[in-house]
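Take a look at this one chain, the form predicted alone, written out in structure tokens.
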């Protein structure tokens, strides 16, 4: 993603009312068809998309900025947002154990390896889970190519998940209560200090735009937790879309331990408008679309002049984004952001492995013809 905030061009004002009306109609339609709870989840997703695109809050871009320019602003904003969510989410999860669940997963070979591969792939396409949705919604050609393969990869990753997790993993470890919150906030502060020490001179501050974005992202993530009963996620919905498409074409998924599980099998047969992750994903795409149309008065973006190997790399990276994030129990959103903010230790392991993969990914881009010269 770029770094400028919302800046509507002259003459775009006449379209603003129409864009707002479109958003309201979409939320209203989902509320009528599926229920108010699901309409609210779509509205939360729209909020995510508007903040991510409008205020340029992201994950892949800030990690790239830190790796290449030692600019910590984006990462500091991520840490701030996670801390704000954790301060509220920890006591909520403790007091509503039967109603709310955290983003919990075990640390294992598949999880760590998946996060590392995801880090590589997200730098190749310059978009994580939410970033790919946002960039596709705003008309970015690379993300529009990567997104369908992301979905396919998520579906196949789920098909193979049990084989990978059988390679070995630790029990799920969750930080809970006041002590767990203190440890989480301490670790977030420690990472912030390390990032600030490494940062280039003159970059050791968070711009006001990103502070506002972090606060809004935290509020939306908490809203998602309360309304959906689970933390914000992305990857599951993408794979579900392909699973639904496959079964509609006659595919038999009864032999898949993942897709044949009662909850997943039920979701395949139900309306996509009742799947909480799908709704926020739709909202992210729609929110980014609204901001892009508001800002530019349209979505047309010129097709970048890239060599064939760059488009091939985009397709492969898109597939790997989906496949690896399913093995890693989430992307930057479901594992890193939501995992850490709800106390799961796998979120920290994901962060370390994903960042290491990103360090390799940023160096691969020129060799793949996606920027500059190798």
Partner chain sequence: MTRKLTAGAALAFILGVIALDVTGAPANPYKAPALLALGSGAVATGGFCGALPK
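Positions refer to the first chain, counted from 1. This structure is a prediction, so every number in the text was calculated from the model and none was measured.
Keep in mind the form predicted in complex with its partner chain is missing from the figure; the text below concerns it.
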Practice task
Could you spot which one of 84, 187, 196, 257 gets a heavy atom to within 4.5 Å of its partner chain in the predicted complex?
Solution key: 257
Practice task
Consider the chain as shown here, without its partner, and state which of 210, 107, 151, 120 has a heavy atom within 4.5 Å of its partner chain in the predicted complex.
Solution key: 151
Handout entry: Contact test, all of 139, 232 and 270, partner its partner chain in the predicted complex, heavy atom 4.5 Å
Key = yes
Exercise for the section: Just one of 173-181, 76-84, 258-266, 199-207 has residues with a heavy atom within 4.5 Å of its partner chain in the predicted complex, so point it out. Expected result: 258-266
Practice task
Report whether the minimum heavy atom distance between residue 250 and its partner chain in the predicted complex is within 4.5 Å.
Solution key: no
Handout entry: Partner contact for residue 96 in the predicted complex: its partner chain, 4.5 angstroms, heavy atom
Key = yes
Exercise for the section: Considering only heavy atoms, tell me if residue 70 and its partner chain come within 4.5 Å of each other in the predicted complex. Expected result: no
Practice task
May I ask you to state whether residue 128 is within 4.5 Å of its partner chain in the predicted complex, using heavy atom distances?
Solution key: no
Handout entry: Residues of 343-366 having any heavy atom within 4.5 Å of its partner chain in the predicted complex, listed in sequence order
Key = none
